[in-house]
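What follows is a single chain, given as structure tokens, in the form predicted on its own.
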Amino acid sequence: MYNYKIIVSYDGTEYRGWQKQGNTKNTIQGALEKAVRAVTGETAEVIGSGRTDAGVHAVAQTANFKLSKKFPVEKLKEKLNRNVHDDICIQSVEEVDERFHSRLNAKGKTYLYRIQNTVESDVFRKNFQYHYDAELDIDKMRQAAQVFVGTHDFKSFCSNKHMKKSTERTVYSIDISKSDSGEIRMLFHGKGFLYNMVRIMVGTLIEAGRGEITPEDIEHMIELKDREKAGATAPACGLTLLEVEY
């Protein structure tokens, strides 16, 4: 078998997330598998580094699939791009070791969350930003964010109530900045993230930015291991997967 690694970017607005689902064909994985089948004549599972939610975007999602035949990678990339919608783009294709697995071999991920913190929304970026018009204190958000850094049990920040595996994760860093145009950019770098984890952390940090909770409150949320005690899940539109490290 020949193992192909691809880097994919996509606008997730019109999709039901990455993972192929029985009740809809409108997923990123489903679209890629359909393209692979059309181009190669083979049915292959396209394995992503992670399952981005409905409405979440990616600049550089990593995936891999295996084929029984060898294909020139540049021609494969060209033909795959011709068989996907224009809101998906295969940036690169390379043949890799048969043991490479895009999810199991990942060592780190970086996500960006964007908030348009102005009275008026930007109609041209509404699919990629969360418009939040109430004032947010960036310094308070930065202070609160440092509580998340390190290795913790993030059960309070996971939407999967039936999670059977460990909910312990390591967050390497969270950087928050605000541009002159009012856009708040939040970079989350970690070894891996739970279902909705980044979006729940964002919702919680928004509460901190409003002055409603303190870093000590977030410490308590982590200790309680109860999803109902943490903040709201921020909208998917503001979230983008930037990079996967191997």
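Don't overthink the numbering: it's just position in the shown sequence, from 1. No experiment lies behind these values; they were computed from the predicted model shown.
Below, we refer to the form predicted together with another copy of the chain, which is not included among the displayed structures.
- By the criterion of a heavy atom within 4.5 Å, Leu104 is excluded from the residues contacting another copy of the chain in the predicted bound form.
- When contacts are judged by a 4.5 Å heavy atom cut-off, Val96 does not count as touching another copy of the chain in the predicted bound form.
- For Ala58, a non-hydrogen atom is located within 4.5 Å of another copy of the chain in the predicted bound form, even though that partner is not displayed.
- A residue is said to contact a partner when one of its heavy atoms sits within 4.5 Å of a partner heavy atom; Tyr10 meets this definition for another copy of the chain in the predicted bound form.
- The contact residue chosen from Phe128, Phe71, Phe100, Tyr172 relative to another copy of the chain in the predicted bound form is Phe128, the criterion being a non-hydrogen atom within 4.5 angstroms.
- For the candidate set Ser159, Thr118, Asn81, Gln146, a heavy atom within 4.5 Å of another copy of the chain in the predicted bound form is found for exactly one residue, namely Asn81.
- Note that among 134-142, 119-127, 147-155, 172-180, the stretch whose heavy atoms approach another copy of the chain to within 4.5 Å in the predicted bound form is 119-127.
- Taking a 4.5 Å heavy atom cutoff to another copy of the chain in the predicted bound form, the contacting residues in 69-108 are Lys77, Asn81, Asp86, Asp87, Ile88, Cys89, Ile90, Gln91.
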